[in-house]
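In the form predicted on its own, a lone chain appears below as C-alpha cells.
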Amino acid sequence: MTTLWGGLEAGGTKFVCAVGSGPDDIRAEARFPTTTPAETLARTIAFFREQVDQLGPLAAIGVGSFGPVDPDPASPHYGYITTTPKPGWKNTDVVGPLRAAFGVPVGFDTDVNGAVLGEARWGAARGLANAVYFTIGTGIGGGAILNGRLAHGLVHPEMGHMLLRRDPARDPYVGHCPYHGDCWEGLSAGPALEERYGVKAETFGLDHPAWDLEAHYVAQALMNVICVLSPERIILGGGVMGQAHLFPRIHREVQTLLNGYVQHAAILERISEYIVAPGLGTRSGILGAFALAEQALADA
C-alpha cells in the first residue's frame, strides 16, 4: 500500500495543501487565500479530512511555512509562526491543530528549508549533501542542507537579510526592508524592483537596467554563501527568477566577484550547472512539504 503524505505550503498570501507520495503521485491539491489563522487552518484541516476519507490515512504531514517560525522540536513553541509582521498571525500555532486533528507526526520548517529538502529528495540537489535554495520574489529567503541535514541554529537561516554593498552613485534607492533598508531583500525583492523604477517589474524589457543591477545584487549574495557554506549547488526559484535571462547574467557576475579565488571547476567551467533553476519547478515548496512529512515519520 502506498504511503501517503500530507503537505502544506503555508504562504503569507495563499496556502497550498496536497496529498500524495511524491512528484509523480499527487492525488489531491487545493489552494486558498491566507486569511485569519482560525479560518485558514480550519480550511486546511477540512481538506486533509476529506482526503483521508477518500484516499485513506496519512502517514505524516509536512509544513513549510512563511516566517519567522520556531522549528525546534524541543521548544514549547515548536510549530509556531512567531514574530511575523503579517496582521493576526503573530504567535500562531500551526502544528498543534494538525497534530490534534490527525494524530500523526508533523514536520515543520520554513518554506525555503522545505523547498531545499524537496530539491534534495527529488530535484536539482538530488544526491548532494550540501545545497542552498533561494526564493526571490515578494521577499527573499534561503534554505540550506549541510552534510545532509537542514540548517538550524538559534532559529533558522534568514539569508535574504544579509547586507550587501550598494554604490549610491549607481543605485540611489535606499531599500525596501523595514528592518535593514538596503539588505538583499530590501534591494532585490519584487517590491524593491517596482518601487525603485515606479512600474511593475514584469513590464521591464530585456535591456532594462534593472536586470544587470539585480544580477549584481544576487551575485553578491551568492558569493557570500559560496564563501561561507561552500554548497555543492545553488538553486534559484521564485517569481523574479522566472526571468530566465537573469541566470547567465548572475553566472558572469559571480565569476567576476569571486575573481578566481574559489578554484573549482563547478564555478570556473560549469557554473551554468552549479547555479540553476529548481528541478521541481514551481512545486519545490509543496513537494518539500512531502519531504518534511517523510522526515518527520523517520524521526518519530
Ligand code: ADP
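Remember, predicted model here, so these are calculated numbers, not experimental data. Don't overthink the numbering: it's just position in the shown sequence, from 1.
In what follows, reference is made to the form predicted together with the named molecule, a form of this protein that is not presented.
Think of it this way: in the predicted complex, the named molecule has a heavy atom of just one of Glu202, Asp212, Asp167, Glu195 within 4.5 Å, and the residue is Glu202. Taking non-hydrogen atoms only, Gly67 never approaches the named molecule to within 4.5 angstroms in the predicted complex.
Contact annotation for Thr34: none of its heavy atoms lies within 4.5 Å of the named molecule in the predicted complex.
When contacts are judged by a 4.5 Å heavy atom cut-off, Thr84 does not count as touching the named molecule in the predicted complex.
Proximity of Gln255 to the named molecule in the predicted complex: non-hydrogen atoms within 4.5 Å are absent; the residue sits far from the partner. Contact with the named molecule, judged by heavy atoms within 4.5 Å in the predicted complex, is confined among 117 to 125, 168 to 176, 132 to 140, 73 to 81 to 132 to 140.
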